[in-house]
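Presented below, as structure tokens, is a lone chain in the form predicted alone.
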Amino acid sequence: MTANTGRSLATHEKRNFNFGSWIILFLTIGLFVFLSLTRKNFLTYNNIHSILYEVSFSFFAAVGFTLLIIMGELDLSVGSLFGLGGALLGLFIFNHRLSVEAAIPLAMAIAAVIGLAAGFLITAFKLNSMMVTIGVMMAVKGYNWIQIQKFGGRQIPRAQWGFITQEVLGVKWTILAMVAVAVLFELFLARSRHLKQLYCIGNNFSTTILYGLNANLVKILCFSASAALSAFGGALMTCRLKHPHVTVGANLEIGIITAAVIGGASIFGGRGSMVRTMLGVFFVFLLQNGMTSYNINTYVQQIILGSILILAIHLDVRINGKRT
């Protein structure tokens, strides 16, 4: 029996399950060891802590994305909504003189409404989630550019961003929050009756409706949560940068979908793990850090990351596509 779906696995499925469960761990360990042996300053506390610090912001956007991909949906607007969190944070602090404690929840609420609307369109009119969220991505990205240009590079006051640098026992609090969220969601996905339903929706949407589960409502709420969490991560990243910037969230959706798929999630739905997604995001950032240390051109880095995404999806189709 699987912890995720409650159904028995055939012999060939067990092999596939094990591969999908552990490949990201092997890849991450292998890359970590390689960089430790070949780069002089890689294996230092400051460098590893810095990578994890960067990962922690993007991971919040990956949380909602993972819930959606488990149900067989894709949210390609996470990057622009990540940037929206920063744009709205600047708007509320600069123009409306709100405190960061009020600005971040308000930005999350606005993003949640956008996600709610996208989820409603997808479920009510049976639209393709990838196409709808691409539309949301383009619209929100345009707004971000317009809004951030108005700020003219203004800096957020230290009193508003100082909280982002707080540490617990020498570790940034966002790193601890990332690990805690990943572990809690992993436990809930495995043991909570409500979250285990996500796997059922991903495996067989029609059957869940027959059993009385309001699968459409679940999807709408997850799209809303994905948008809110993306804006939360973007607002935190903006506080770290100390000013809103148009590059916040740029191409983030590519890194997150790569992280989720190489972390064992399937674009066909029914599979996914929050801890393995976290490892996937760490692997992507670790790879980018390594390529930068080797002075690999930024555009070449994009080619490599894109190739990894294509390979991951190819493997997903070969391994999991047969059961659709």
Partner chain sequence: MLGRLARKNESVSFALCAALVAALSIASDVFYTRANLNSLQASIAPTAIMAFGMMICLICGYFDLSIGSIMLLAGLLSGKFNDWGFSTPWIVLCVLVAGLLAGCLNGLLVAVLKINALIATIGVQYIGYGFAMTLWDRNMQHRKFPADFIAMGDGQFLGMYYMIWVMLAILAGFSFFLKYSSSGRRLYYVGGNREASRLIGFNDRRIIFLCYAVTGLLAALAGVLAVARIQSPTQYMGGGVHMTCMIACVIGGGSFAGGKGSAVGAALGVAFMSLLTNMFNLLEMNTQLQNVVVGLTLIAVIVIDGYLNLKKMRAMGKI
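Numbering follows the first chain given and starts at 1. Since the model is a prediction, treat every value here as computed from it, not as a measurement.
What comes next is about the form predicted in complex with the partner chain, which is not displayed.
*Asks:* Just one of Val218, Val100, Ile156, Leu121 has a heavy atom within 4.5 Å of the partner chain in the predicted complex. Which one?
*Replies:* The option sitting close enough to the partner is Leu121.
*Asks:* Counting any non-hydrogen atom inside 4.5 Å, which residue from Thr38, Asn46, Asn297, Asn41 sits next to the partner chain in the predicted complex?
*Replies:* Flagged contact: Asn297.
*Asks:* Residue-level question: is Pro105 within 4.5 Å of the partner chain in the predicted complex, judged on heavy atoms?
*Replies:* No, no contact at 4.5 Å.
*Asks:* Give a yes or no for Asn251: in the predicted complex, does one of its heavy atoms lie within 4.5 Å of a heavy atom belonging to the partner chain?
*Replies:* Yes, Asn251 is a contact residue.
*Asks:* Contact with the partner chain in the predicted complex for Tyr211, defined as at least one heavy atom pair within 4.5 Å: yes or no?
*Replies:* No, Tyr211 sits far enough from the partner chain in the predicted complex that none of its heavy atoms falls within 4.5 Å.
*Asks:* Is Ile23 near the partner chain? Define near as a heavy atom within 4.5 Å, in the predicted complex.
*Replies:* Judged by the heavy-atom cut-off of 4.5 Å, Ile23 is well away from the partner chain in the predicted complex.
*Asks:* Please pick out the stretch from 178 to 186, 220 to 228, 70 to 78, 164 to 172 that is in contact with the partner chain in the predicted complex, where contact means heavy atoms within 4.5 Å.
*Replies:* Every other range fails; the passing one is 70 to 78.
*Asks:* Give, in sequence order, every residue of 293 to 313 that has a heavy atom within 4.5 Å of the partner chain in the predicted complex, or say none if there are no such residues.
*Replies:* Counting only heavy atoms within 4.5 Å of the partner chain in the predicted complex, the contacting residues of 293 to 313 are Asn297, Tyr299, Val300, Gln302, Ile303, Leu305, Gly306, Ser307, Leu309, Ile310, Ile313.
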